[in-house]
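Okay, here we've got a single chain as structure tokens, the form predicted on its own, with questions on binding and movement later.
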Amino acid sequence: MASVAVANLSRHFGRVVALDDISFSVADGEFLTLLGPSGCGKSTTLAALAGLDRPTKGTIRIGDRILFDGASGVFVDAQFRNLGLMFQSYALWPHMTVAQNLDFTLELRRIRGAEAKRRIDETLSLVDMIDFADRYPGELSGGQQQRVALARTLVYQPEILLLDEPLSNLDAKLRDRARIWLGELQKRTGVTTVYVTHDQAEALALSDRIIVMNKGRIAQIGTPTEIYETPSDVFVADFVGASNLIDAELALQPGGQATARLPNGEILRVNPGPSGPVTLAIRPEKIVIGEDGGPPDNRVVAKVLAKSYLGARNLYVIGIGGQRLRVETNAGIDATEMPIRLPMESIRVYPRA
């Protein structure tokens, strides 16, 4: 397998800047996810890695090979990069059996005979599809087609695996199972993987590291825990998982403490940050309901504005400080008001955009 190094990569489409001077690396055997909303540049980045699109400037290196260098004009075409690419559409040949779909990929690379048969059998066994080798794609379920498409990508043993929203065509329950299976498969093969998705649950479940992208730039790089627990800005806090965003005015107090004044005058103790207008962020599951024996700070009585039963938990919309917050809890509450505590350690403070 191989590592990936991207440096100062940009892609301009006329006046539109799709990628704005991004740099990152992928370690040998790592599972890295590019996460972000539509139009953030994640698929453009993947296309540049695959050789399907020529960036405006920067460099792309895989292992010891330079695949793109804008300064010197180096650009290696896609067919010479030895990368495995799988799109949202599985694009299986409908007139070929499962085994023939894989064999055609090997034929293009002049791998024939006993070696081709060995690779096809090994790869189909790897994805648990060896018993379906003689079936046609139309005779397979969506999840089975997804496995065949991945097998076709793996059969020629690419250095890097590039996956562009490969689970988005599956229904929710099948997507959950496929996510677990894909993570286990990547660990078994050890193939370096770059994965593109807008689904935060996929990113958190599968990745060794995540790159959160916004408007062609990298907003944050980190492990799933780092991205979720310590988001770098309001965008990451709001995009990765749900966050309550609260406008406030922060004032620094003697002794290194800080307080945040909400629009209705309510005062919260928070961690120090930039004085003046700020945005506070707190996850719905971090808000404590009822008397929990914790510190007396940041306790208020909130009005219950709405309630949704989600099966494993309840979602409440509450009103405090003139703002609406979401609270997730296992508790079932029928009252019109509830005492809550906003733990200071769970409140993130950001300069107001």
Partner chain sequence: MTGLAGSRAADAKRQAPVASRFSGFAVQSAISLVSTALIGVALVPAFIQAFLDKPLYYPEAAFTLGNFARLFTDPEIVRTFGTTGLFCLIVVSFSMVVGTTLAVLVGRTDLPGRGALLGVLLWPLFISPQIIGFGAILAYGPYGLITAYIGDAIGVPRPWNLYSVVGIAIISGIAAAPVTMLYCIGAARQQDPNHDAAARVVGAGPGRILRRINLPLMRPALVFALIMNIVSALEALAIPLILGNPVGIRLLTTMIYDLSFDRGTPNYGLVAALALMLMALVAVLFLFQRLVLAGSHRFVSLGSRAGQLRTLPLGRWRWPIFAGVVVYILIAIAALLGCVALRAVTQVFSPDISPFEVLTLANFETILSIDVYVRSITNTLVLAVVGAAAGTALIAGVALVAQRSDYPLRRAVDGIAQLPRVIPGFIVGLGVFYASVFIPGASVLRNTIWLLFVAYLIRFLSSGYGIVSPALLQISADFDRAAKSVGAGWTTTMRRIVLPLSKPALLSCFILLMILIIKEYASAVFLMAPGAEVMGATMLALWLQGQTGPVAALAVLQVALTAVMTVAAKQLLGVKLHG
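In this text, all values refer to a predicted model and were calculated from it rather than measured experimentally. Positions refer to the first chain, counted from 1. Basically, rigid core = biggest C-alpha set you can superpose within 1.5 Å across the two forms.
The same protein also has a form predicted in complex with its partner chain, omitted here; what follows describes it.
Q) in the predicted complex, which of 273-281, 181-189, 194-202, 235-243 comes within 4.5 Å of its partner chain (heavy atoms)? A) That would be 181-189.
**Q.** in the predicted complex, the one of A219, L140, L170, L126 near its partner chain [non-hydrogen atom within 4.5 angstroms]
**A.** Checking each option against its partner chain in the predicted complex, the one that comes within 4.5 Å is L126.
(Q) Give me the residue from R313, R299, K307, R54 that has a heavy atom within 4.5 Å of its partner chain in the predicted complex. (A) Partner contact (heavy atom, 4.5 Å) among the options: R54.
Q.
in the predicted complex, is there a heavy atom of its partner chain that lies within 4.5 Å of any heavy atom of P254, even though the partner is absent here?
A. Heavy-atom contact with its partner chain at 4.5 Å: absent for P254.
(Q) Is E159 part of the interface with its partner chain in the predicted complex - any heavy atom within 4.5 Å? (A) Looking in the predicted complex, residue contacts with its partner chain include E159, since a heavy atom lies within 4.5 Å.
Q | Contact test in the predicted complex: T105 vs its partner chain, heavy atoms, 4.5 Å | A | So T105 counts as contacting its partner chain.
(Q) Contact with its partner chain in the predicted complex for N82, defined as at least one heavy atom pair within 4.5 Å: yes or no? (A) Flag for N82 set to yes.
Q: Note that its partner chain is not shown here; using its position in the predicted complex, name the residues of 71-90 with a heavy atom within 4.5 Å of it, in sequence order.
A: Read in sequence order, the residues that approach its partner chain (within 4.5 Å, in the predicted complex) are G73, F75, D77, A78, Q79, F80, N82, L83, L85, F87, S89.
Q.
Quick check on Y136: with the core superposed, does its CA move 2 angstroms or more between this form and the one not shown?
A. Indeed, Y136 is displaced by 2 Å or more.
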